[in-house]
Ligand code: GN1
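What follows is a single chain, given as structure tokens, in the form predicted alone.
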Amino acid sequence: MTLRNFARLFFDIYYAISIIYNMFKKIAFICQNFNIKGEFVKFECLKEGNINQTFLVTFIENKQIRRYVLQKINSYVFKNPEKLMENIISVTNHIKNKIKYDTYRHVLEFLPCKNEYYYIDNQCNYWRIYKFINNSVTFNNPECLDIVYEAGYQFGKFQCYLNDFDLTKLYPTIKDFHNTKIRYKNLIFSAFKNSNNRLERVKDQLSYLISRKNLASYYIDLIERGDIPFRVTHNDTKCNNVLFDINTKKSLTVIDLDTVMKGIIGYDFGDSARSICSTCDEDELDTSKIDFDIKRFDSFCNGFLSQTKDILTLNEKTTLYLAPAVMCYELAVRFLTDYLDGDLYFKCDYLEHNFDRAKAQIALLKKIEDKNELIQNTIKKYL
């Protein structure tokens, strides 16, 4: 190795160490504002989730290890972090009052910073922290039917806990989040604007989504006619937003509550079925591998409807069957819109990531529509 190369290597190592050290000091300082007892010893970045920046932080207090989840709230996505945290605290407190036992394992517990549940740093970034639930695990794409059942059960339980929640207390953290009509209009506008010169590349996918635009209005029309009621909805019901006990594999609680808002049951049911019953990840490159697993859907319905069938109205029950297709369509529209806009919303690992995600959702949507009759019969079985 030449002296010049050695000097460059030394500089790169020194630079990397200085970045880690400065980050260590910054995270330690932020945590101190939440009055956590003990000594801050380490942090690690968590890559789960496409929106917020997340860290697992470790403290030692009286020789006991205490772990917490620290997050920097994405203020581009969430324009009003104060109201977002009000939503979360209201919902978690309501669930705590319903559980009344072992709440540490069955509901997230956020730590206060003075009189609020967030800290604002000198760059106007919002931070929050909650207790890490020990001996817990998440699953991204479960094939085990018991895990699928438990995920459905836990999302259904979430609905039951909040069935009597006062909806006027909830702030819309993302306006028109599941308004698929508006999502569709945004897609058309982004295609017309073509600000990143990507339209030619996506013309086949765009054409298909335009041909299925009736899915964009299905639930919105029901809402506007007053045919189905509003509820508290999680709005991001993927399996990895359920915590499981690492030993028993029983579900513990629902996490990632940023998008808890007023919504309809089809949002949570459909998005969960769409994600859990897909045989592949959301960014699968080989779309020929993508399918909608009816066996998983059967287990999911069993779990979800075992908790919700007695609180659902007749119209909710009879319109559930189209929820997986509507939510799959919506996500395909969102991914393609973000790709056309220059990848402003979702985290991307590479340049074409959102485009690949959109193609995967379109492939899944086609499989869901092919199995429409099986989906209807499965729902009827558990109702």
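Quick caveat: nothing in here was measured; it's all calculated off a predicted structure. Numbering starts at 1 and runs along the sequence shown.
FYI, the form predicted in complex with the named molecule isn't displayed, but the following is about it.
In the predicted bound form, the named molecule sits within 4.5 Å of a heavy atom belonging to Phe177. Taking the partner from the other structure, the named molecule in the predicted bound form has no heavy atom within 4.5 Å of any heavy atom of Leu322. Using a 4.5 Å cutoff between non-hydrogen atoms, Phe59 does not count as a contact of the named molecule in the predicted bound form. For Ile51, a non-hydrogen atom is located within 4.5 Å of the named molecule in the predicted bound form, even though that partner is not displayed.
Shown alone, this chain has one stretch from 111-119, 164-172, 143-151, 75-83 that lies within 4.5 Å of the named molecule in the predicted bound form by heavy atoms: 75-83. The three marked residues, Asn241, Asp256 and Arg334, each reach the named molecule in the predicted bound form, with a heavy atom inside 4.5 Å. Contact residues in stretch 259-284 (any heavy atom within 4.5 Å of the named molecule, taken in the predicted bound form) are Thr259, Asp271, Arg274, Glu282.
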